[in-house]
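Heads up, the chain shows up twice below as structure tokens, two forms, tagged structure 1 and structure 2.
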Structure 1
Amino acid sequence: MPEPIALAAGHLWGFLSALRAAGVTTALPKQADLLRVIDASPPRDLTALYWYARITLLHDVGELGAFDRVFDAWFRQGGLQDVVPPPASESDVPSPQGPGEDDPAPQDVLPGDGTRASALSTYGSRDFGPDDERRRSVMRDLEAAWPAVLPWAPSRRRRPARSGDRLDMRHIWRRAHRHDGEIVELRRRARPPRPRRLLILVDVSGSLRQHTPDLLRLAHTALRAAPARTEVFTFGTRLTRITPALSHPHLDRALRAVSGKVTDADGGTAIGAALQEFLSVPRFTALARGALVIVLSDGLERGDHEPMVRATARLSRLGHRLVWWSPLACSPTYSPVTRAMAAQLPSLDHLGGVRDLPTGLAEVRRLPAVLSGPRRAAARRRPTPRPTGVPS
């Protein structure tokens, strides 16, 4: 390796180590993402390098201050300067019975950061945060809104009814037998309506880290409103069915169960592979047939976007309606210009914006208008942009 390249690589690895020392969580997949981005498109200046590092490495806005200090020390000020870590809390101060003055200070080890072996998966699990009164209020509104907006379909079995398209001959002959063979009453059978199945697919990848807790709470309200007709899956780099875990009536226990079951939260993104895995299992495919399918994702696919586009098209054909809710679409200036979203837009019935519970409630209340409209109308509401060089 030439000496300048070796020096640059060593400086970059030192920067990543300094981030961990300053308390900034940098998982190994995120570090690999940064190196791949730099290799594919070398930054033209420090500003570009800053945004490369910030977008790929930072997942908590609370760590932005420490991140900026480390970046300035390693790149803008040109020296290996001491970076002041966040102030220690009282729990970080050793007790009188703790290590002596000559003992080395204990270091915090972050699970999955690559410095120590961890019992967790590479992507690990996460805590989806505590509840509060504001969230509980919106969730109550969501539970009340879901039953009124879910589409209905005729059931498979016919039942006795006052009006219907078929006569209930068994009941008619039974009544005639009681009246000496005279037919005194005509009874009919009909297929009563029942709510269609609701299928929710939630993206838990790192790009949606700040939105994932509210998206799971949104899915929990749907399970509470229609427990027998709702199925929920998550996907990041793998597909996980979380219906049993999320169906617990107590929200905190449900989220803890989901946290233990979903091991790819805040990791990479493989939307196409996850959707294809879903469609490859016959019992999962049966859940999508005739259902209202809702995908909660930003649609930012890594690698080839064709598997994602093909899987979305098949989901659209299987389901009653296919609705895609993206946090990016909350912006009034949003346009699906990435190759993946632009290619799959003709398969969608609606592309809406959901980033938290209030925006989710607004989209849920908008569902009747979507369900009563024409199929695959998202491209008509948002004209497909011209192909550009924007990656998936």
Structure 2
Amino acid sequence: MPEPIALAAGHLWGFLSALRAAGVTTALPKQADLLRVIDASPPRDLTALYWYARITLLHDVGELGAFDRVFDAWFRQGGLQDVVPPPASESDVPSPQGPGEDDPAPQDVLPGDGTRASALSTYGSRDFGPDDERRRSVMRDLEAAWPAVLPWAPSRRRRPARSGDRLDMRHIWRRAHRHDGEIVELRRRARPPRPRRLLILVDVSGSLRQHTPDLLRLAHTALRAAPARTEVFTFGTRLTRITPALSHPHLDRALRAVSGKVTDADGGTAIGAALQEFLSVPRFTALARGALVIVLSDGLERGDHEPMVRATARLSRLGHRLVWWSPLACSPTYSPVTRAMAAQLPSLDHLGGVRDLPTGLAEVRRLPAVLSGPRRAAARRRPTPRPTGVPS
């Protein structure tokens, strides 16, 4: 009776192509695996089939939600064709509490606050204007300045070197072999320095509207200078990884790509929530571990500042150095007396003033002093806040 078998086979192929359509990547060898196990030990029931399919086809828990939806549609509800692909999410680790996705998406209800109204899309060549050339030259200076100031750490993997702490037996032996077993010279292995990662978190909320384009240009120069070791995120009400978008060597194209990705520009600020979101994804915290972390934000947190202070403290513990650049700190009379900034100052290694590219360049040049100095020294470097400036 070939007919039911042909039907089942057709259904299975339909399922596989529906998976592809829903964005779950299934390589051909994995599909072959599924067919092989079904053939080798036919599944007892639907649950068994589910596990067979999930274990052979899935290779990333981030795609589990989409996989479950397609499986349910094809095997539990009888072949519904209209499988909705899941929205691409930046933080694709599911919340292990349950099936509910808890991405905060307060932006969704506000119409028209997307990319069209974004400050990111309002510059292009137009905004460069008369000081185009000056800006470009500062950006060139920045690009040249970054590599010299970024920190290094000894690599974990030893390589042959002129001098080092271990003998390189392989090379010694090969050379000795050439001289009939006589050791003519010693070779050594050392741990060569390896660049540390640079993590830049850019605040794109409304309070920084006028600075956002320059802050992103600053991040772009860092990415150009050290493409392999720089990661850039933006945050306003939610967190967005913009490293791939900003990686385009051409500035305008990179910024246009970023404005397409960042949907929460010029909105409210939830620094604490965004940083917590960053820290809740293990893959992102791995980026911060041992890295030079630079936060570009005014630190004006509305509401409870406790989550922000806690997130900053954790970021500081994870990273090699935590530097906070605030446009407000450019003013000579500025002192970090808002409750949020005052509370997190002890976690910072340096609090600097950056509002545009020249101030950015000045701060980049100060980084070596920050990197060689003691940790969490921001409070010591700043003058003590005057009590008159304390807001209610």
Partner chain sequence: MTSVGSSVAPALLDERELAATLEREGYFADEGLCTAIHLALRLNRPLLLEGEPGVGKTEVASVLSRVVGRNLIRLQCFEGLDSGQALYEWDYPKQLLQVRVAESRGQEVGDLYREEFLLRRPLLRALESDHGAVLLIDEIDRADSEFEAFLLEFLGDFQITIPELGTVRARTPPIVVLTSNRTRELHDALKRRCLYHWIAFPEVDRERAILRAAVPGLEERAAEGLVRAVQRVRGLPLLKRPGIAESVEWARGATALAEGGSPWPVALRRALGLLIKDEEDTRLLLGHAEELFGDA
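From a predicted model like this one, the values you see are computed outputs, not experimental measurements. Throughout, residue numbering runs from 1 along the sequence of structure 1. Whichever C-alpha set is largest while still superposing within 1.5 Å between the two forms counts as the rigid core.
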Please identify the form predicted alone: structure 1 or structure 2? 1
Residue 339: Cα shift of 2 Å or greater between structure 1 and structure 2 (core-aligned): no
Given a core-based superposition, decide whether the C-alpha of residue 177 shifts by 2 Å or more between structure 1 and structure 2. yes
Shift of residue 72 between structure 1 and structure 2 at or above 2 Å (CA, core fit): yes
